[in-house]
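A single chain, nothing else alongside it, follows as C-alpha cells in the form predicted on its own.
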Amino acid sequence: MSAPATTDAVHLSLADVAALTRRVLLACGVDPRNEPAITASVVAAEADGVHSHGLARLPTYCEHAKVGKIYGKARPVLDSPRPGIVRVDAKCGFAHPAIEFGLPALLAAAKAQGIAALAVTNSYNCGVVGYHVERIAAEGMVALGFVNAPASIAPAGGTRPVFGTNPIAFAVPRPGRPPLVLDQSSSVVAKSEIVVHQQRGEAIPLGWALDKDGNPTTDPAAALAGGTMVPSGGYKGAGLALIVELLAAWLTDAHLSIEASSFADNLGGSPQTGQFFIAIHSEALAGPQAGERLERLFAAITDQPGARLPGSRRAEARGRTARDGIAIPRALHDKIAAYG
C-alpha cells in the first residue's frame, strides 16, 4: 500500500507514531500494562509499510476501548492443559498483550519439547499476523500463525459469509539475517485495505470485493456495508479460510467467524475471536547444514531475474521508514489526535 500524497498529509517519524499511539490508547482507558504491546504492533506495521494495520486501525482501537466493546484493562490468564500446549484467555481484551503474555511460555515449551502450540481465545484483532510469527522465528523456531475474523467470505458455492478474511502467516529463521516471513489472508486482500481506501477517498480495484447484492464493486463503502470479500484463488481461498477457522476459532474455543461481532463498528459485544500459533525447533529436525540448505533454496529463487523472496518489500520499507518516516492523511491524524 503506497503512502498518501504529500498534499494535506502529516509526516511522522516512527518515534512520533509510538508517542501518538501510546497517548491516545492511555487516554481511552487502555491499561498501561497492555498499551506497550499494542503500540509496538502499530509501529511495526507502519515501519513495514503495512499501513492498513498501523495508524489506520488506531481510531477503531480507541473507539472500541472507549465504548467497552474491548475491555482495555483486561489482564490475560495463562494455563497449560497439556505439555506442549499453552492457552491464554484474553478476557475480551486486546489480542496483542494476550499474545505477548503467551509467547515466553510457547518458546520455552518448544525449546524443551521440539514443538509447542499457543491458543489464544476470547480475543480481538491482532494486527499483522506476520509480526507475531517473526518474533517466534527470531528465537530460532519455525512458526505458523492462524487468525480468524468476523465473517466476510462465503464458502465455495455459497453466497452468505461464513469465514473471516482468516489470515495465515509463516516464518523461518535465517542465520545472520531477519527471518523470512509469509503473511496472507484467505481473501484477495485484507479487509483493512478497503478501510484504508475509504479513509483516503479512493476506489478499490475491481475483484477485491462484492456489494451486498453480490455484484463486483470498486466502492469501498459498498464493500463494507454488507458486502463480501472475494476469496483468494476462488475455491482454494475458501478452503484455506476453513482450515484457519478450524485452528484459530474451533480449536481455541473462540467465537466462530459467524458468531463474532464486527471489528469495524461499535455494535455487539466483544468479537471474542481466536489466534493459534505453532512453534517448531528447527535445529532438532533440519540437521547441521540447515542454514546452508535454506539459503541454497532461497538463492534458487533470487538468482532468477524478476523473482523475489516473500517479505522482501517489507524489508525495503523498514529501511525507508526508519530514515524518512511516514505520511498519513491529515484527516486521519486529526481524528486520532482527538482521542487524546
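The first residue of the shown sequence is 1; numbering continues from there. Remember, predicted model here, so these are calculated numbers, not experimental data.
A second form of this protein, the form predicted together with another copy of the chain, is not displayed here; the remarks below concern that form.
Listed stretches are 28 to 36, 66 to 74, 290 to 298, 52 to 60; the contact stretch with another copy of the chain in the predicted complex is 290 to 298, by a heavy atom cutoff of 4.5 Å.
Contact with another copy of the chain in the predicted complex, judged by any heavy atom within 4.5 Å, is made by just one of Ala108, Ala225, Ile258, Ala203: Ile258. In summary, among the residues Val196, Val142, Cys126, Ala209, the only one with a non-hydrogen atom within 4.5 Å of another copy of the chain in the predicted complex is Val142. Here the marked residues Ala116, Glu245 and Asp303 all reach another copy of the chain in the predicted complex, each with a heavy atom within 4.5 angstroms. Taking non-hydrogen atoms only, Phe94 never approaches another copy of the chain to within 4.5 angstroms in the predicted complex. Although the partner is absent here, Ser187 lies within 4.5 Å of another copy of the chain in the predicted complex, judged by heavy atoms. Taking non-hydrogen atoms only, Ile278 approaches another copy of the chain to within 4.5 angstroms in the predicted complex. At a distance threshold of 4.5 angstroms between non-hydrogen atoms, Ser192 is out of contact with another copy of the chain in the predicted complex.
For the partner-free chain shown, Leu242, Ile243, Glu245, Leu246, Leu247, Ala249, Trp250, Leu251, Thr252, Asp253, Ala254 of 241 to 255 come within 4.5 angstroms of another copy of the chain in the predicted complex, judged by any non-hydrogen atom.
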